[in-house]
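Before any questions on binding or motion, here is one chain by itself as structure tokens, the form predicted on its own.
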């Protein structure tokens, strides 16, 4: 009887330990419908996907100011918007980093960077980190391509070369949006995002 009680207690403690340190839900997978959000843009206005007007989909990019990978992809994100926003697929950039852990990613410095680099897309501040957690974003950059109904159609990296834009052989996001826009099947629906880890609140 004592042995059974000890075994039961051991199993209970193991379960409590595992759940206490669990990361919780992993976020969206391809095929899930993303929930809309309402976040503050660098122009001071609140932005949601629903309020973006007549769109066919969205290129949601979790990024930030300070990460070298985010900086390396910055020009490519701008080009994605310039290429696909006219077709109905705008970029929506989101910074979810904790400003206390990454001071360069404060809202005030987001405003400065967007102005200095001429961001043509919304650059939103996820100060509670709830949107990053809902999406399952882990890195900067981390991209989620959504269709018009906000169904997740692609998750992962922008392309296959984080260091050299000219050296990219496979442009995952471009390929996904092109397929989506022409009604074709997306060949590669998920890749591993390469970048700095999101700085979560402690």
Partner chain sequence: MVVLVLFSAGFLHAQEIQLIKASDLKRWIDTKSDTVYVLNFWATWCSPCVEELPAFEKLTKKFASKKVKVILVSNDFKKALDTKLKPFVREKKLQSQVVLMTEPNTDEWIRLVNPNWSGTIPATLIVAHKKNKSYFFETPLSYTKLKRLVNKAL
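Everything numeric in this text was worked out from a predicted model, so none of it was measured. Positions refer to the first chain, counted from 1.
Just so you know, the form predicted in complex with its partner chain exists too; it's not on screen, but the next bit is about it.
- Note that among 27-35, 173-181, 159-167, 46-54, the stretch whose heavy atoms approach its partner chain to within 4.5 Å in the model of the complex is 159-167.
- For the residues 39, 152, 138, 42, the 4.5 Å heavy atom test against its partner chain in the model of the complex is passed only by 138.
- Among 72, 78, 114, 132, the residue placing a heavy atom within 4.5 Å of its partner chain in the model of the complex is 72.
- When contacts are judged by a 4.5 Å heavy atom cut-off, residue 194 counts as touching its partner chain in the model of the complex.
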